[in-house]
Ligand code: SAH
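Starting off, we have a lone chain in the form predicted alone, written out as structure tokens.
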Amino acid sequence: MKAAETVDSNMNGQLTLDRVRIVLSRTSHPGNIGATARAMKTMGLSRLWLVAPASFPDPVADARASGAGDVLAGAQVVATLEEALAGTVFVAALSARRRELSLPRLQPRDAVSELVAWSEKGDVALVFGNEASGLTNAELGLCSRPVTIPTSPDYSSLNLAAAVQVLCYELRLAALGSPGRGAESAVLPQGSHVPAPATHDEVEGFYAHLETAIIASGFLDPENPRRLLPRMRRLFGRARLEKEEVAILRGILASFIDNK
């Protein structure tokens, strides 16, 4: 590869990394926040979002950041995962546990391939849960794809910051176009007009509208919902809804309610 092409590739790769949010949800130990900032900076990532951390800012986080204080200084602290994901078009979430109604789990290399591809359309996010309990089912339901690191079955305990490092490493390789990796192996719709994907906010708005409509119709008993709504999330999650599709679906729901 020529020098100019290498520079262009690196610049494009950095633009991709700049669209990635690393989201830590309900982190209990500030040291893991600092170590995460360090892991991010070594791989060229800088956008850290913290959802209801137990302690932040914190001197322990500063010490563990070890030169990545700028990442900590720029961290966005929010109360809910919904706030951290607002405006994103694709979200991968790390989860070691099998969930009955979740989408098929991806390994890191496949997950970052999708993240890099979708970053061409807008912000994307990687979500990590609490050190002890991970992500709740409700939190995982807000994400596009679950991701699992294939650890040894004999000892699968992985420190939060170590898990972040693994994913950030894979992201960097994918963003910089390492042979056979990343955007080259990701699949997105092709053609002169690629439909805009629905943002996280738009999809969540649709789910809220859907719940209201099926309760109003009598199809869903809110006192005995069973697993209907998680199943609907899984169904539409597989589809990767576009903006126009969300508008159509919400128009249909509105017509049902208006004509009732």
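The numbering used is simple: start at 1 and walk along the sequence shown. Here the structure is a predicted model, which means the values were calculated and not measured.
The same protein has a further form, the form predicted in complex with this ligand, not shown here; the description that follows concerns it.
Engineer: At 4.5 Å between heavy atoms, is L176 in contact with this ligand in the model of the complex?
Structural biologist: No.
Engineer: Would you check, heavy atoms only and a 4.5 Å threshold, whether A132 touches this ligand in the model of the complex?
Structural biologist: The answer is yes: A132 has a heavy atom within 4.5 Å of this ligand.
Engineer: Taking the shortest heavy atom distance, is K121 within 4.5 Å of this ligand in the model of the complex?
Structural biologist: K121: no contact with this ligand in the model of the complex.
Engineer: Does T148 make contact with this ligand in the model of the complex, using a 4.5 Å heavy atom cut-off?
Structural biologist: Output for T148 is yes: heavy atoms within 4.5 Å of this ligand.
Engineer: Would you point out which of 112-120, 168-176, 70-78, 149-157 contains residues with a non-hydrogen atom within 4.5 Å of this ligand in the model of the complex?
Structural biologist: Among the candidates, contact is made by 149-157.
Engineer: Would you mind picking the one in L94, A84, V89, L142 that has a heavy atom within 4.5 Å of this ligand in the model of the complex?
Structural biologist: When this ligand is considered in the model of the complex, the option within 4.5 Å is L94.
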